[in-house]
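First, one chain by itself in structure tokens, the form predicted alone.
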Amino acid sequence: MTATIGFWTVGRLAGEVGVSSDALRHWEREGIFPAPERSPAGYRRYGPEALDRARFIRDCQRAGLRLADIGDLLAVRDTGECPCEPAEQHLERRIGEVGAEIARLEGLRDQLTSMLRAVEAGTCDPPLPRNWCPPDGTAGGEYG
């Protein structure tokens, strides 16, 4: 449920956006989220514009963009322009990173599948880890 008051505390804004209060404070320290005004008691008081900015940052992070990338996009967005052109470069880089991670995970899956087949076959021969079985070699395979 969206708050209808004019200002949010850090906890309320964080809850509204679906991030932790620490995340908002971190974004502030990193310079991508402006420091809000403070109440007389020293509490952060965020206005309605903070909700949009926090959601933008959250969504960019969920896409895997780094805070530096998000800062670049916000610098353009803060001028009133759509940051589509710089976003293209950041997204292309991120797609490459995701592709590399997929390849790494596929290799890991293949390795784990080979290990499982060896266990199912009742052997401790490679490709199981060399330290899987005791060093005396009595459990099959040779420890070296």
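Note that the structure is a prediction, hence the values are computed from the model and not measured. Residue positions are given as counts along the sequence shown, with the first one as 1.
Beyond the structure shown, there is the form predicted in complex with the DNA, which is absent from this document and is the topic of what follows.
Contacting member of A75, A87, L67, L51, with respect to the DNA in the predicted complex [4.5 Å, heavy atom]:
If I apply the 4.5 Å criterion carefully, the residue I get is L67.
So, in the predicted complex, is R38 in contact with the DNA at a 4.5 angstroms heavy atom limit?
It does: once the DNA is placed as it appears in the predicted complex, R38 has a heavy atom within 4.5 Å of it.
Answer for H26 alone: is it within 4.5 Å of the DNA in the predicted complex, judged on heavy atom distances?
Flag for H26 set to yes.
Considering only heavy atoms, tell me if Q61 and the DNA come within 4.5 Å of each other in the predicted complex.
Output for Q61 is yes: heavy atoms within 4.5 Å of the DNA.
Could you tell me if V10 has a non-hydrogen atom within 4.5 Å of the DNA in the predicted complex?
Yes.
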